[in-house]
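The chain that follows stands alone, in the form predicted on its own, written as structure tokens.
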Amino acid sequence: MNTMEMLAWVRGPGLALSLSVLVIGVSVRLLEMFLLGRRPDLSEPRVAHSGWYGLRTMVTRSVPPSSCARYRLPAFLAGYAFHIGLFLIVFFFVPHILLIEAITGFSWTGLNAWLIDGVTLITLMALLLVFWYRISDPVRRFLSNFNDWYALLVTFLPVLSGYLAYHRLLLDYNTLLVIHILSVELLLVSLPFTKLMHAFTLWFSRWYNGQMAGRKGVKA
């Protein structure tokens, strides 16, 4: 299989397969979460309308805690930078919008290429900083397992390969495009089965934890 044949495969059957795994995998995981249910809490609620505590937790867990040490703040900001950067790259880079339109029929205005280029560099640097903080902090390094390193790797590869393909660096464009699409497909099939699943459960889990803590009268 030559490069052009490989490119045709990753754009066609490969993409369809990875999207199918993503949709089915995420759907099954979410169904598991919602259908498992939980035992009814028969204790008397400590506060009324504990759902508001869930909403508050969604906000408080999204800002640096007051106890956040000064040397940990850069790691917190780097995490935010690469999450925001990924969002902008995926949903506001014009070629990505065209692909989404071809699949779903929905389209919107993208950002200028030079702006996405800058965001990509910031995202790459932020991901490298997150990696550095994880290996340099003894506590984070001890708590990290294969799932953590794998999630960082499969997030980093599509951004790096996309940047290289856009600027036609190191290899020819078609080869870089194949590598980029394959790395994206690896990310898609990894989402339902790794910690990357938090992309779909983040806000629900924060609300649930805050609501339960509020019911018990605990500050979350």
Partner chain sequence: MDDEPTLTQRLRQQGISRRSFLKYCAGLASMMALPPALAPKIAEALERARRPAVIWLSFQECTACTESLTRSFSPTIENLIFNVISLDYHHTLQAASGTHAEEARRQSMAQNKGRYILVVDGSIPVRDGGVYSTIAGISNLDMLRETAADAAAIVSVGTCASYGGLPHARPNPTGAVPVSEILPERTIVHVPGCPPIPVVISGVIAHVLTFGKLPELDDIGRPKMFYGQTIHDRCYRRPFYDRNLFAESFDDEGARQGWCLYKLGCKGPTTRNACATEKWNQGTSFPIQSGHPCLGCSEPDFWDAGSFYQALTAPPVDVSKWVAPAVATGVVAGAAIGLANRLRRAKAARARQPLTADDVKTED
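Residue numbers count along the first chain shown, from 1. Keep in mind it's a predicted model, so treat the numbers as computed, not measured.
Only in words, not in the display: the form predicted together with its partner chain, which the text now covers.
Of the candidate stretches 76-84, 106-114, 131-139, 146-154, only 106-114 contains residues with a heavy atom within 4.5 Å of its partner chain in the predicted bound form. The closest non-hydrogen atom of Ala199 lies beyond 4.5 Å of its partner chain in the predicted bound form. Contact check for Leu170: every heavy atom lies farther than 4.5 Å from its partner chain in the predicted bound form.
Although the partner is absent here, Ala102 sits close enough that one of its heavy atoms falls within 4.5 Å of its partner chain in the predicted bound form. Though the partner is left out of this view, Tyr166 does reach within 4.5 Å of its partner chain in the predicted bound form, counting heavy atoms only. Along 12-33, residues Gly12, Pro13, Leu15, Ala16, Leu17, Leu19, Ser20, Val23, Ile24, Ser27, Val28, Leu31, Glu32 each place a heavy atom within 4.5 Å of its partner chain in the predicted bound form.
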